[in-house]
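In structure tokens, the next block holds one chain alone, the form predicted on its own.
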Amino acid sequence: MARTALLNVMVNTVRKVARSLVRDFGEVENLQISRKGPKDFVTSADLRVEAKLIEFLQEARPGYGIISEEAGETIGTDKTHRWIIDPIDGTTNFMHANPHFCISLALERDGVIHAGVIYNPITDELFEAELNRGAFLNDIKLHMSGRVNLADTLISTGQAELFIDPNSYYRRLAKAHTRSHGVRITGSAALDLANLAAGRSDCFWDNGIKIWDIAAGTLMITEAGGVLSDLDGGEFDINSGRIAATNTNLMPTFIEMLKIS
């Protein structure tokens, strides 16, 4: 695929920064680890990757704003553009030498996600998307699955809701298990959405999730032919923390399953 100058900047930045992450992954048992919150840790690798991402992006596009998981938000002189960064999505997996994690990088333009890159440096899978230009995995165009029956679906979810409303989380989880072919909780929302766009699963939901976890992935969903919704079937708001993603055919029954009466 022919990349735009913007996507070239994003892809090259992520690949360059990922080299140190691969080295850190090989020495994961020796990383200095500090507690950040309940079951949510930050490693020195997170901070190094984040710092390098910010450094390279500021060099490439001076003035763009930045919001990142560890560093918070920096308002740029260019009010129309903002980088959205998750240096390691799947930190707990990374800490346990589980290779299911990624760097997630998105660019927001005038309040709309315009481009996104999700990269797993261990598997060397590079997902990328740009508004109205499609979504790709290692240069192969992505398409959502075409399943129409919820009973045939593989559903993925995170655990953000577990910490804000355990009752609703377990009720939704139980319904998903009984009404689908299976449920997966992988520990990386960014990769869940990327894999959903690639047709490797059929539905995703979460509640209480952060913008940096899903910014790049939501663009991949829509560019691969999928749809996004609030958990109640309303309009999707990336800042709300509430997300349901699937194909057009499945969305009505998926939303019905997610409702908590």
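Sequential numbering from 1, following the sequence displayed. Note that the coordinates shown come from a computational prediction; the quantities given were computed from them, not determined experimentally.
Just so it is clear, the following notes concern the form predicted together with a small molecule, a form of the same protein that is not shown.
- The partner is absent here, but in the predicted bound form a heavy atom of A160, alone among L154, L137, M95, A160, sits within 4.5 Å of the small molecule.
- Note on contacts: among I88, M144, I84, A115, the single residue with a heavy atom within 4.5 Å of the small molecule in the predicted bound form is I88.
- When contacts are judged by a 4.5 Å heavy atom cut-off, D206 counts as touching the small molecule in the predicted bound form.
- Though the partner is left out of this view, E50 does not reach within 4.5 Å of the small molecule in the predicted bound form, counting heavy atoms only.
- At the 4.5 Å threshold, heavy atoms of D213 reach the small molecule in the predicted bound form.
- Among residues of the shown chain, D230 is not one whose heavy atoms approach the small molecule to within 4.5 Å in the predicted bound form.
- Contact annotation: the small molecule lies within 4.5 Å of heavy atoms from the stretch 188-196 in the predicted bound form, the single such stretch among 232-240, 219-227, 59-67, 188-196.
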